[in-house]
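Take a look at this single chain in structure tokens; it is the form predicted on its own.
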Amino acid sequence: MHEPINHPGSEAAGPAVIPRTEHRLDPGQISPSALHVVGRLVDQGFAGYVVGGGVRDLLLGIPPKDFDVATSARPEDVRRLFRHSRIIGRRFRLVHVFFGQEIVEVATFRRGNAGTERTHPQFETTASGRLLRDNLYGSEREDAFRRDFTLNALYFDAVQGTIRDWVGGFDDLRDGIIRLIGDPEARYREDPVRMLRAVRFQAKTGFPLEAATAAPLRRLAALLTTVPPARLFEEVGKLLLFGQALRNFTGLVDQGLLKPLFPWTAEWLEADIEGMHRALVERVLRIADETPRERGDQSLILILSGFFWGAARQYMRWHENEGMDSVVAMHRALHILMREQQKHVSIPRRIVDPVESLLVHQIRLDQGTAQPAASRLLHHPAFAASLDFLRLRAQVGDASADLETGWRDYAASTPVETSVPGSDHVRRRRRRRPRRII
């Protein structure tokens, strides 16, 4: 243990200072741009530290995706010191300092929200306690205690080569535990997205949640419905597109957090007695975890297709019972499902449209190759992805393996008609077997 010891909520006067001989963080692994920002701030008489996820990831041996800086300088001071910078944000006023394509985010130390600070004009909450604005500047200590998890509240002093720890984060990281700073219920009410971050950090680090941190999650899960749907889409992307999609999904289900995000998916899975639907979702999540980040949209389209397939087909059958054609019924089911889903997680059209196309194609593919329109399906841009999704369905018993094989053989043996330039003739060529894209 380090002295002084500062567990969450303590009133200790100073931070634990961990020397480089103990933390072994190599400054050479930190972005030179971030170190330049810190150096410039310190030279001008301000405090400046590399802080947050970048420090945490380096200590865990994980390559950080970026580095943030915390400072005693006000946003206007930072803007004055760095010509290529701009102030952003309403709830949090931050400064982005630009180094070509790299951005170093610089935040002024802020204080918490207890007591009389709630009457401050820069402090604004909803009736449920969710923070809308809290631009209250403070000290380094106050800044540490207002952060979310202890392992995100470590300050690397690039000048001294030490880590400053106010909240016991270094010990928690060493001991392998995820702990929320302060009273968990109050902190989750301030920002319900912290519940999703708890799941994400658990999946990323492999550490368990400390008991008090985990205890309120199921009870407070409904608070996620108070978060703007567009913000939740950003958080869903972080959960599903960075290599831990399956572990994050499992955490969401275990903690009761899937339902406020994807209520129809959660209900579909709860009714899945045989486990076939859960198996399909897990297969698409495993594929996403094997897919490079550059294919983010394609991975998200596949994942959401898995999420919505069961519920959409169930609603389709209701419309079929009213006399609708199967394809028309699926279009109608998806229209209603996606409209309601947007009230929870706002999914952009660039994702929604391909998801709807892929799922409608499942109904067409289920009708087999003997249908009159079979050859026209081969020309559709969504055919290859739809056929791959059919393969995944066949693997979990949701479709016939012979059906998928039949479509692939049919596609490989069906000539494709192309016109000959400057001629009324049509050239027929053999279609290659569809390439699997997932």
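No experiment lies behind these values; they were computed from the predicted model shown. For every residue, the number given is its place in the sequence shown, counted from 1.
This protein has a second form, the form predicted in complex with a small molecule, left out of what is shown; the following refers to that one.
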Practice task
Check, residue by residue, if 57, 147 and 201 all come within 4.5 Å of the small molecule in the model of the complex, counting heavy atoms only.
Solution key: yes
Practice task
Identify, from the list 93, 278, 111, 197, the residue with a heavy atom within 4.5 Å of the small molecule in the model of the complex.
Solution key: 197
Exercise for the section: Quick one: from 213, 244, 162, 152, grab the residue that has a heavy atom within 4.5 Å of the small molecule in the model of the complex. Expected result: 152
Problem - Residue stretch of 321-329, 187-195, 244-252, 364-372 approaching the small molecule in the model of the complex, non-hydrogen atom distance within 4.5 Å - result: 187-195
Problem - 4.5 Å heavy atom contact, residue 379 and the small molecule in the model of the complex - result: no
Practice task
Answer with yes or no whether residue 406 is in contact with the small molecule in the model of the complex, where contact means some heavy atom within 4.5 Å.
Solution key: no
Practice task
State yes or no: in the model of the complex, is some non-hydrogen atom of residue 52 no more than 4.5 angstroms from a non-hydrogen atom of the small molecule?
Solution key: yes
Practice task
Would you please decide whether residue 238 lies within 4.5 angstroms of the small molecule in the model of the complex, comparing each non-hydrogen atom pair?
Solution key: yes
